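Next up: the same protein chain in two forms, each one alone, written as structure tokens (structure 1, then structure 2).
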Structure 1
């Protein structure tokens, strides 16, 4: 590695970052997936060698990625594994100086494993509470919960000041394969778990599966309940759906790859913040290359946006790497990268208390990192 590249990569690592678009199962480390596959292979549930090749394969098409998720879900079906991967994912993000993380995941029913959407989410929360390497702040200090900080206590409250601290919030994903009723269940669950760190709703899943009208009642309900919504939009060129999503006007949008001129205009006039996933889009063909990624256009017109990983495990990336790619591809200076990271604070789904703390954190980091 050239010295300059190395220095820039280190700087991107040191930069405090806000991650707004990370799928839990897509962020699992390869080493953990291989270990889980080995265990299931030993039990005869899967053929380890076949699975190993799929996990280690480089470069995947969009349909192949969704096949891989099927495999991930076989490997991560039991409660203890869900707890383990959650713990590891949070630790990995915190270790690269992500200071605020919204993890999204699809609550899953699995009768054979005695799993309900609720018990799946309990296992996720158990994972957040199990993190030891860093201090996890799950709830706002003004949350209505009895025990606002059930994880390690915040350093302001007398906790371990030497530990890195990360705010973690949860978004519940509606999978495009789900029925209207199942989608409504997820929204109701989000409402029930609102004091346990669940802060929003996401619509994701294979973009060529399902119809917008199926999820709309659930998304409308979330809107009525005041739950913030983010939608995967324009991963494929589905004109009717892109139009409908823009008309619905969610709080944030993911990807926005395949928009036509009119849709671009509309997006820009609505000023809906966009979760930009460079590596993910290039690897799955949503963008032709890094150089031609729509980040440049949106950045140049000062559209609200934030850099995100999408599936850091699946795409072998990290949020620091995404910042590095922006610097190396589009020539942003350190001051501009810092501003980009800082601006993301304004698009978090957490409340004003958290925003205030994050703004202060960036203010303190600015001098050190940009002079």
Structure 2
């Protein structure tokens, strides 16, 4: 059994994958987090001993996860740290054979640190351009001068990560703590940076904070501008908001855990693709267990969905592991897992040229991985 498990894990790693729901800060490496936290401790900004054990722990409780969120917030007020984290996160996803990655992050204003939303995003883009271990394809929406993505299945790479290529796009997150004006600023920034890899808008943050009406003007503005939108939906059982989100009908939805029967019915009729985050949902209590996760219901009715990590560092997971969990929990075959990964191509916010290239990539990989 152990040999079968190991073989399946290796197969899930070799599988080309599309990641559509990954928060930059929550995907930071534990080793980097430990190093940076120690530096903050030495400076007296935090008490290092208070977070040391939590950082080194595998399988954190929800309160411990929130403790790390506070640490992420402190760390990302420094431009150089943002650049470093971005670089490492992209490299880590590429090592997992992720061929297309949408990273979401909240642009931050911090006057004390001399940080604006624009300078924060410049630090992120600097990190993308600093990646050397893999070739990052940051394509311009107004030009097709970039080389096409030619990512071979991992066995053809001979373990040489330098041959890997990965498409990376950015989603700007509106935080639920923000005002309407601040949310509109983020949408305007997304429009200004659309030729620098920014491709969409996300609404996220503490699900019990804020009102839908606060962010609606910004989301409607994004829709008018033709900017794709994804919304965290149903992380808590807020009936009024879930209904409003479904009525708004964004291009994608994240999580959708706490829906009632009528809301499930409406979601399925709208066929809005869902970003499924198994480990995250179980750890945060959005789903009672892996076995009872709503993935099975949506998958069985052929609802559009994609597997995602949410916060790979925070929840000690990877996209390869999420595919393995689906295989081991719900009994999906390799052919079914491959189809699940391939289907995610249709839900990316990138344009037809990118989708065409990704489809071709999967066609080339299919023969090797499913026969």
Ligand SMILES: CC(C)=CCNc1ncnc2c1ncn2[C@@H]1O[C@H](COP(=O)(O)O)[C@@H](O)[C@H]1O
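Numbering follows the first chain given and starts at 1. The term rigid core refers to the most C-alpha atoms you can superpose between the two forms while keeping them within 1.5 Å. Small disclaimer: the values here were computed from a predicted structure and weren't measured.
Here the chain appears twice, and structure 2 is the form predicted alone. Relative to the superposed rigid core, residue 53 undergoes a CA displacement of at least 2 Å between the two structures.
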